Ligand code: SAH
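We begin with a single chain expressed as structure tokens, specifically the form predicted alone.
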């Protein structure tokens, strides 16, 4: 992000515009929505600027900008369409440390003006770092269509009731009140009786809140999917937007965590093989403690919470503490890996069953029905197998698996930095060592990727750009 978005207070402050043509008029249409004192400089102004001057909406001066004209200015716009003049005024402003915008000159500007959806006092600013103004305009049109004109008056009414609303307990109860006001009762009241109807709707909600009890805590076990935020279910997104506390494992991607409510407390309760880890008892205690405070706690797990996520243990802890809970499924890593490979997990004539197994359990390396897994055509997704490659190879070879049995290693399934390495059972340990994989890995036994492959010493490697 090269431009950090902020909302600058302009009430009682000056904004200087150098230029009087169409480019200046376009900027002035936005600036006049603010409470700034606007000074425009330049000869032969556009008729619209003269009209605004006569209406005292701004002050026009027919000469060019000089240093003394910039006293106490908060912003300077250079819109003369004469590069040398814009550069001169920009230099004057920078000497006084005043931010400068030079129209149609992104590199020469200190700030940019976004596309704005105006529902005063609700304002949505849309920026593309100056790279795609057409995209910004289209996004503006989409958002404007979704935000009713009544949103501004509703927000002003809400501001007038702020002191009384502070008596409503913060968290889920207060969010529920505002959600009901802004998206249901407020708009209905405004449609019937204008501002009076909206005020009455808010008063009614506050009266109800005064006699309501704080809602009990809730723990939502939410599947974050393999990493791509677009693979989250709609229900999972909604839960993240509602969260008071997010307790996540270390495999949840940063892009998914970005979707959580900004005010939510985020706690990384990750478990690292052979490294620092949270105990399960500590995680359970945290979930119980925060839920007993009346919080909506999201237990965010990579993939699906019911697949090797110790879901039963955490649900049991909630039931023991009499805390309400729910499960929101997610896409497991095996499904994400198969999609990246362009491969089917089941195929008529090859396998009529699919196994999801883990290479490790509470006692160390996990034992399975190796004879079944070693049969030709068997397909299994092996989780937590990165450090168990030699063990897996040994068990399968002992039970008769062919050394040439295909295995595909998928790192960071579904993410932009995914890697896919196709190898054989015999070459699996060497392939993992050579690949030096740092991210989460799932091993796909019996399945090869559809993408073009090239031979390597340990088998085949799919070029990342081909995936």
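Everything numeric here is computed off the predicted structure, so don't read it as measured data. Numbering follows the first chain given and starts at 1.
Quick note: we don't show the form predicted together with the ligand, though the next part is all about it.
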Looking at the partner-bound form in the model of the complex, is residue 408 within 4.5 Å of the ligand by any heavy atom?
-> no
Wondering, does residue 384 line up within 4.5 Å of the ligand in the model of the complex on heavy atoms?
-> yes
Classify residue 308 as contacting or not contacting the ligand in the model of the complex by the rule of any non-hydrogen atom within 4.5 angstroms, answering yes or no.
-> yes
Contact between residue 327 and the ligand in the model of the complex at 4.5 Å, heavy atoms?
-> no
Stretch in contact in the model of the complex with the ligand, which is absent here, among 72-80, 138-146, 319-327, 299-307 (heavy atoms within 4.5 Å) | 299-307
What is the one choice in 60, 415, 399, 64 with a heavy atom within 4.5 Å of the ligand in the model of the complex?
-> 415
From 441, 425, 421, 38: within 4.5 Å of the ligand in the model of the complex by heavy atoms is 441
If you look in the model of the complex, which residues in 322-337 sit within 4.5 Å of the ligand (heavy atoms)?
-> 332, 333
